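Let's start with one chain on its own, the form predicted alone, as structure tokens.
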């Protein structure tokens, strides 16, 4: 088997596994149906991934790595706090509009297996808020923003950006809007969320 075919086969396996895991989660997925979805036999699947757990971790890490480095780069950039909030909201929402399955997939599996977060923490581009924390503390000391824990500010940013996607079915029902209108609302949130958070912390 040549290298090109190896790469192509693994790509097909990961895509097939992603589709199955999205619909059935880790517990409900079966290796045989993943093999069928990828168009290979089960022995070939086991050649690439010896267990469902290893395959799931590969799919999960690939999904997480699609967004984590972008967010980490923003948090550790030299941008101002307000610019970071705007870039974070814009990048995250733009990304999830293109990959709407990701938030639910990641949160569902982290809740199922909280210990898995320890493996993610070892990843090179796992978001780190240390620089952001110091920046927030400095701006509070300078009288630029109101006193707030950096952790609370970061949670606010995450919550306001993530929940509209994981709670989409409920929110569509409560607001009585269709998919097209809801997507427009999400696009508007690229600036709405940032403006709301920035106005909540600014002193001047």
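Here the rigid core means the biggest group of C-alpha atoms that line up within 1.5 Å when the two forms are laid on top of each other. Numbering follows the first chain given and starts at 1. Here the structure is a predicted model, which means the values were calculated and not measured.
If you look for the form predicted in complex with another copy of the chain, you will not find it shown, but the lines that follow are about it.
Residue contact check for residue 146: one or more of its heavy atoms lie within 4.5 Å of another copy of the chain in the predicted complex. Residue 64 belongs to the set of residues with a heavy atom inside 4.5 Å of another copy of the chain in the predicted complex. Interface residue remark: residue 8 is not counted as part of the site for another copy of the chain in the predicted complex, having no heavy atom within 4.5 Å. Using a 4.5 Å cutoff between non-hydrogen atoms, residue 122 does not count as a contact of another copy of the chain in the predicted complex. This chain is drawn without another copy of the chain; in the predicted complex, the residue among 160, 31, 54, 44 with a heavy atom within 4.5 Å of it is 160.
Of the residues in 133-161, those that come within 4.5 Å of another copy of the chain in the predicted complex through at least one heavy atom are, in sequence order, 133, 146, 148, 149, 151, 152, 153, 154, 155, 156, 158, 159, 160. Relative to the superposed rigid core, the position of the CA of residue 30 differs between the shown form and the other one by 2 Å or more. After superposing the rigid core, the C-alpha of residue 122 moves by 2 Å or more between the shown form and the other one. Relative to the shown form, the Cα atoms of residue 94 and residue 125 move apart by 3 Å or more in the predicted complex.
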